[in-house]
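The chain below stands alone, shown as structure tokens; this is the form predicted on its own.
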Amino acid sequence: MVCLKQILDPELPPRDFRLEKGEMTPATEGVPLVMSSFDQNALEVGLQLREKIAGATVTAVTVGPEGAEDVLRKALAVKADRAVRVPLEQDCKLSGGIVAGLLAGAARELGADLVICGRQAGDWDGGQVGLILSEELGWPGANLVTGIEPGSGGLVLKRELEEGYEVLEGNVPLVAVVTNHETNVLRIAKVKDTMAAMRKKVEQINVEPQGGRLELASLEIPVKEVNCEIIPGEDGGEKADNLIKRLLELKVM
């Protein structure tokens, strides 16, 4: 099972970022939405592992409204075997803990034995879901994984460290939290597979949200005051003199 999240396009200009009226969530209408980048790495790790284990399957799972199915169709376009959405209640206030609980419920329902997550979502950069999910399931978890290979009787996980790499061996069930690496850049879907993905079924699993340990207390866009002042002067020298006087008045030099 690979966990995916739909986020605002990180390339969205700051001037276009706004909040839903009366809500503590970003507005998504009329702005581009994409799959979180670390989740793309996680999906590629899952697809590569499936190609090396006979009979293995990849199920892409996301938590969110119906519109979030777009990321699932992208997963289907690169040949994920199944796509499952966990719908949200209208008044559900999401946090890393709540999302982890919902994904844990989906993993149990699907009978998953390996859950792969991105290191952090590209919108909040919380970096909480993967390891909280590991705790929720009671499974061992490995962070900063760049690749997973089948090993003798289990799995071999390669972890990125500051000074190099660490190789871990383990057995399922486990949770792998993936970081980006040149070996796990998500493959590009073929046009015919993208079109076929639009016709494939996206399943739903209903999971009761549980209270998270951390709650978002407030969210606001900072207001930045910008003042513009034109320095008068007949020529460059006079303007420079007036600029120095003004800066001294403002006590910034």
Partner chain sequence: MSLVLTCLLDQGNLSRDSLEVLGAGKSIAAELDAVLAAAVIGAETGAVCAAAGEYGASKIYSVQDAALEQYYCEGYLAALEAVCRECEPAVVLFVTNAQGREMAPRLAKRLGKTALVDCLSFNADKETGRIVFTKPVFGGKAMAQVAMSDAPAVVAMRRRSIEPAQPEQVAAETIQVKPSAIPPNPFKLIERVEEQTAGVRLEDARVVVSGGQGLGGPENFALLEELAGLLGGAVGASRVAVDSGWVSSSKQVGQTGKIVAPDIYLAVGISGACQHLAGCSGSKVIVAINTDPEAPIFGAARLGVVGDYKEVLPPLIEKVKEMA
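In this text the structure is predicted, and so the values were computed from the model without any measurement. Heads up, when I say rigid core I mean the largest set of C-alphas that superpose within 1.5 Å between the two forms. Numbering follows the first chain given and starts at 1.
One more form of this protein should be noted, the form predicted together with its partner chain, which is absent from this view; the next part is about it.
Novice: May I ask you to choose, among L174, A112, V99, A83, the residue with a heavy atom within 4.5 Å of its partner chain in the predicted complex?
Specialist: Checked against the cut-off, the match is L174.
Novice: Classify K21 as contacting or not contacting its partner chain in the predicted complex by the rule of any non-hydrogen atom within 4.5 angstroms, answering yes or no.
Specialist: No, K21 stays farther than 4.5 Å from its partner chain in the predicted complex.
Novice: Using the partner position in the predicted complex, report whether S37 sits within 4.5 Å of its partner chain, counting heavy atoms only.
Specialist: Although its partner chain is absent here, S37 would touch it in the predicted complex, with heavy atoms inside 4.5 Å.
Novice: Is there a heavy atom of G154 no more than 4.5 Å from a heavy atom of its partner chain in the predicted complex?
Specialist: No, G154 stays farther than 4.5 Å from its partner chain in the predicted complex.
Novice: Tell me, yes or no, whether M195 is in contact with its partner chain in the predicted complex, where a contact means a heavy atom of each within 4.5 Å.
Specialist: M195: no, not in contact with its partner chain in the predicted complex.
Novice: Heavy atoms within 4.5 Å of its partner chain in the predicted complex: which stretch in 60 to 68, 199 to 207, 45 to 53, 180 to 188 meets that?
Specialist: Heavy atoms within 4.5 Å of its partner chain in the predicted complex occur in 180 to 188.
Novice: Listed by sequence position, which residues of 220 to 253 have a non-hydrogen atom within 4.5 angstroms of its partner chain in the predicted complex?
Specialist: Contacts from 220 to 253: E220, I221, P222, K224, V226, N227, C228, E229, I230, I231, G236, G237, K239, A240, D241, L243, I244, R246, L247, L248, L250, V252, M253.
Novice: For a quick test of reading the superposition: does I221 move by 2 Å or more at the CA between this form and the one not shown, rigid core aligned?
Specialist: Yes: I221 shifts by at least 2 Å between this form and the one not shown.
Novice: Does A27 move appreciably between this form and the one not shown, meaning a CA displacement of 2 Å or more on the superposed rigid core?
Specialist: Indeed, A27 is displaced by 2 Å or more.
Novice: Once the core is aligned, does D9 move its Cα by at least 2 Å between this form and the one not shown?
Specialist: No, D9 moves less than 2 Å.
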